[in-house]
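In structure tokens, the next block holds one chain alone, the form predicted on its own.
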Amino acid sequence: MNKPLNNRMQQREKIIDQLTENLVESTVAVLPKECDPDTRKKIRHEVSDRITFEANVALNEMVTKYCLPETPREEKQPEQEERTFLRFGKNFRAQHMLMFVSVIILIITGMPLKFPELSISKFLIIDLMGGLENSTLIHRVGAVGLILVGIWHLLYTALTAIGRRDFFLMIPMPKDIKDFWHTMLYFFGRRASGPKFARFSFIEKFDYWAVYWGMIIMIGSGSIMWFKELFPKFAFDISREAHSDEGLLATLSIVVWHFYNVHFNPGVFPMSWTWWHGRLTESEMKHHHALEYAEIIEAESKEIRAGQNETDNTGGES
């Protein structure tokens, strides 16, 4: 590392330390009681980490921005579209589309059977689908779709590198518990900002494993009900109750939890279009997946620096 760059890094660390100390003193000054040394140390550690993280992201963004080849002036557009990042590929998006079409069919044809006395149930079964026999047939078409997407996703997870990577990233970790607690404190005004998430937040992990659990219950119990002549009556009775209750739970989870996050949340209303094009804008990446965004920018800046070094070495030899 050359001396000027080393001096600038030391200067930046000194500025971070000074700013951290200033913020710690400001925090302590407004606290209702005197801070013990451990609390002061904890505050200083959190503030320093936050400032260092933001400084590194800003530095990497500047390296990426100013080291990229400039577009000729005559080709520049008055307004450039915001950069986007591919989050989900075509394979995964196709799985999701088949799944939500199948699940919607299952809900529309299944929930009326759990609440047959409601007027809307009679409308859906009798007026819209022409009776119980047609409704049952349509329900089984949706069930076949759910079974296919379940098998498809298992193969995708086992046979593709991206599928395996995302599966392991979906496994709940201790950080998810901390992020959940941090989020609750943020909602109640005890934190200035929410936690920073990597590729998947605890919310997305909850969504994913709820679907996994639901598919096992629904496909297993549904298969027993479909081929009831192959099973004893007690197995059919248990499966019917499990199928009915898990169906209601899945419907409520989708309508209350999932629909809010991807449709009714003010930040994405009327919907997030990621399910269609699989992309997030740069501002969305910074807000929802700051840690993943920082990793991407860091990797890009390393590639740029490596390319520059190679160019410099080649030029030196010539």
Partner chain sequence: MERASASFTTLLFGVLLLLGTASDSLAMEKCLLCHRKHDLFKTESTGRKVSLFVDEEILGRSAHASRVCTDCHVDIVALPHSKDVKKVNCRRCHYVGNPVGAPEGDLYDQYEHSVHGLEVAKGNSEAPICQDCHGDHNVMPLDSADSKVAKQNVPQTCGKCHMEIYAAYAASTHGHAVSQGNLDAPVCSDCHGEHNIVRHEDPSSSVYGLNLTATCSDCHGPLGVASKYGIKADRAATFEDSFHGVAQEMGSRVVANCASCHGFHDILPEADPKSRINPDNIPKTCGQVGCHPEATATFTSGQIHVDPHSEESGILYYISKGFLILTASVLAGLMLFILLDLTKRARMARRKR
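Residue numbers count along the first chain shown, from 1. A quick note: this is a predicted structure, and the numbers were derived from the prediction, not measured.
There is another form of this protein, the form predicted together with the partner chain, and it is not shown here; the text below is about that form.
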property: Sole residue of 97, 154, 126, 148 within 4.5 Å of the partner chain in the predicted bound form, by heavy atom; result: 126
property: The partner chain: the contacting residue among 271, 62, 291, 249 in the predicted bound form [heavy atom, 4.5 Å]; result: 249
property: One stretch from 100-108, 163-171, 85-93, 227-235 that, in the predicted bound form, holds residues within 4.5 Å of the partner chain by heavy atom; result: 227-235
property: is_contact(residue 219, the partner chain) in the predicted bound form, heavy atom dist at most 4.5 Å; result: no
property: Residue 137, heavy atom within 4.5 angstroms of the partner chain in the predicted bound form; result: no
property: Partner proximity in the predicted bound form: residue 256 to the partner chain, non-hydrogen atom cutoff 4.5 Å; result: yes
property: Residue 112, heavy atom within 4.5 angstroms of the partner chain in the predicted bound form; result: yes
property: Site test, 45, 54 and 175 vs the partner chain in the predicted bound form, non-hydrogen atom cutoff 4.5 Å; result: no
property: Stretch 98-132: residues contacting the partner chain in the predicted bound form, 4.5 Å heavy atom cut-off; result: 112, 113, 116, 117, 121, 122, 125, 126, 132
property: Note on residue 49-residue 282 C-alpha separation in the predicted bound form, which departs from the shown form by 3 angstroms or more; result: closer
